[in-house]
Structures are given as C-alpha cells and as structure tokens.
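There is one chain below, alone, in structure tokens, taken in the form predicted alone.
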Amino acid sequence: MSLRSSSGNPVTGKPAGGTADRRLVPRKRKNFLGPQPLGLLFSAPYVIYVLAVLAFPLGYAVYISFHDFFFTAPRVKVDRPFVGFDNYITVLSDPAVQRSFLNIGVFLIINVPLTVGLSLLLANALNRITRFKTFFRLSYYVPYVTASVAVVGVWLFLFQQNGLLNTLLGPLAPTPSWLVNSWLAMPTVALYVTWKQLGFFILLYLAALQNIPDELYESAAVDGGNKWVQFWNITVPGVRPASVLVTLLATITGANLFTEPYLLTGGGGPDGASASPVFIMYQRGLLQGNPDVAAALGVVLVIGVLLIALIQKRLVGGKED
C-alpha cells in the first residue's frame, strides 16, 4: 500500500502532474534590447552625437596618423600609403612638440591645484553666507560665460609692459613683462584660465555641498571641532566625488588649451614658451599642411590625458570598494 497525499502524489506533498504543468508554462524570452527598451530611444540622440562627433573623428585620426595623408580637392582620389609609426617618430622627435608638452605640464601643475583648491574654498564660503548669495554666485560665474576675446582685453591691459599691474609694482615689475617673458608667459596663462573657469567649478562644488548633512557639522561643533576641523574632516571627504570630477575636467580642459595662449601671447610666444600641443596641431595640420603629423600628435595627447586622468582618479578618488 503506497501512501499518497490528498492530491494524489506520494508523501512528498507535491501536486499531481506538477512537473508536467511546469513544462507547459512558457518561458519568458530575454529581450535583446534589455529590460527597458524605451531608455534606448531616449539615449539614442546622445549616442549618435558621441559616435558622430567623438568616436568617428578619433578613429579617423588614428587612421590618418598611420598613413602619408594630405589634403586634396573634393572627389580627388590619390594614394595615401601606410607608413606605420613614421608620423609618431616625427612627432616625438620634434623639439617644438617636446616644448609644448613641457609647457602644458607647467600649466597643469599650476592650474589644476589652484582650480580644485580655490573652487572648493570659495564654494564652501558661498554656501555659508546668507545675504547677497545670488549676487556673489553670479559674480563668480560671469567670467566663465563671457567670451574669451572680450576678457582677454582686460588681462592684456593688466599684464602688458605699461599695464596696471606693472605700474603698481614699479621697480619690482618683471623685465621682460609677463606675457613676453619666457618664464612667466605660461604661468600667467594658467592664472588667467584658473580665474575664468573658476565659476563653473564653484557651481559643481556647491551642488556637492548640498548632499552633506548639517547634522555632521552640528555634531562636530558639539565635540569641540572648529571650522578648520569641520572643513578638513567633513567637507573634504564629503565632496570627494566632486573633487575627482573637477580634477578630471580641469586636466582635460588644460590639455586642450588653445584659445588663451593664442590670444594672450600672440600664438604661443615668446619663442614657443606658451605653445600648447593643440596649438602645434593647428600649425602642423592647417598652416603647414601635414594632417598626418597633427593626427599623430592628437593621438599621443589623448593617450597622455587618459593616463594622467587614471592616475588622478586613483590619487584623488582613493580606492573603490
């Protein structure tokens, strides 16, 4: 005599025909477009933009850098032979290119720490004030949205040989003057870029500061922590993701420097002391008709920026879980 449950199965308790019933239930097919296919529709315009404006030009630049490439009239077919790494060897052995990378290194050493430090300090101060808050925030943001051509005129008035700054310094003024001095031209450009872009990074830090609970500051004050202790132990760790973003954006912006030295120093002067890699690309590719060499320089610049960005993310962002 075999014991069966009320449903007819053995004492296992499983209903009769359960296995067959499970086999009859149709399985849900995995959607090739993912669980939210509508999201692809909304992201499609940006994906197309990235492919058309960033990915395709970068891939085409890599192709140009490995060929003997030159500009021709439309629909003219010419032979552009593969030359391997010849263009890269030309770029890396060019003294002007080497000087431009040294210049941009000086620029980043000055600009990035100043940008991160000043924008965080000013954002923290702006976050605490209660009166004229909007006025001060707009005051810092106006230079960022103002055209460089308009603002450069003010800085030329300040830093030229007979400018306001040299007049105030008197005998302490440098000779030659700031923007025509091979040692001071790039640091002066770095100060200008720091001042002009500071408002944008202040807004990023202001947004990050809103996510820090006020209870943390109140607890620190009860424990006897002064403003400096609160800033170093609460504010700085609390805005670390924003610091990573600001550092990366400042580095990428600085590596693509072109407009500022072109306008302030008359095109990378004096004697290439403020020339940037992007300015050398402009010279080689457009003025001298060597787009293959310019493309190779662009690829080297992209690789260098990516390496620096990875190092900065590790140093500023810390180890991720």
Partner chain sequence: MSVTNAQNAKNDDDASRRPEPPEPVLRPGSGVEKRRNLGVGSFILLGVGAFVFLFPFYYMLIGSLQTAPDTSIFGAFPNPANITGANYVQINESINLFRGLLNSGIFTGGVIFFTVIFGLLVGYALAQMKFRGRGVVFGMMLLVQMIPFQLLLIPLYVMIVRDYGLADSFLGMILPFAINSTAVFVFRQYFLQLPSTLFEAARIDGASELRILWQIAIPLVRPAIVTAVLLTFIGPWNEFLWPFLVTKEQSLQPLAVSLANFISNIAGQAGNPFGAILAGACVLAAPAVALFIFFQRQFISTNIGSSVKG
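Just so it is clear, the structure is predicted and the values come from calculations on it, not from any experiment. Between two forms, the rigid core is the largest collection of C-alphas that superpose within 1.5 Å. Numbering follows the first chain given and starts at 1.
Omitted here: the form predicted in complex with the partner chain. The next part is about that form.
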Though the partner chain is not shown, can you say which of F85, F157, F82, W183 has a heavy atom within 4.5 Å of it in the predicted complex? F157
Interface check vs the partner chain in the predicted complex: of L179, A250, A190, L198, the one with a heavy atom inside 4.5 Å is L198
So which of 92-100, 224-232, 107-115, 171-179 is the stretch with heavy atoms within 4.5 Å of the partner chain in the predicted complex? 224-232
Residue contact check: A294 to the partner chain in the predicted complex, 4.5 Å heavy atom: yes
4.5 Å heavy atom contact, R75 to the partner chain in the predicted complex: yes
Spell out, yes or no, whether the shortest heavy atom distance between I308 and the partner chain in the predicted complex is within 4.5 Å. no
Could you confirm whether P237 comes within 4.5 Å of the partner chain in the predicted complex, counting heavy atoms only? no
Could you run down 44-61 and flag each residue that has a heavy atom within 4.5 Å of the partner chain in the predicted complex? P45, Y46, V47, Y49, V50, L51, A52, V53, L54, F56, P57, L58, Y60, A61
Is it true that Y60 shifts between this form and the one not shown by 2 Å or more at the Cα, once the core is aligned? no
Rigid-core frame, C-alpha of P45, shift of 2 angstroms or more between this form and the one not shown: yes
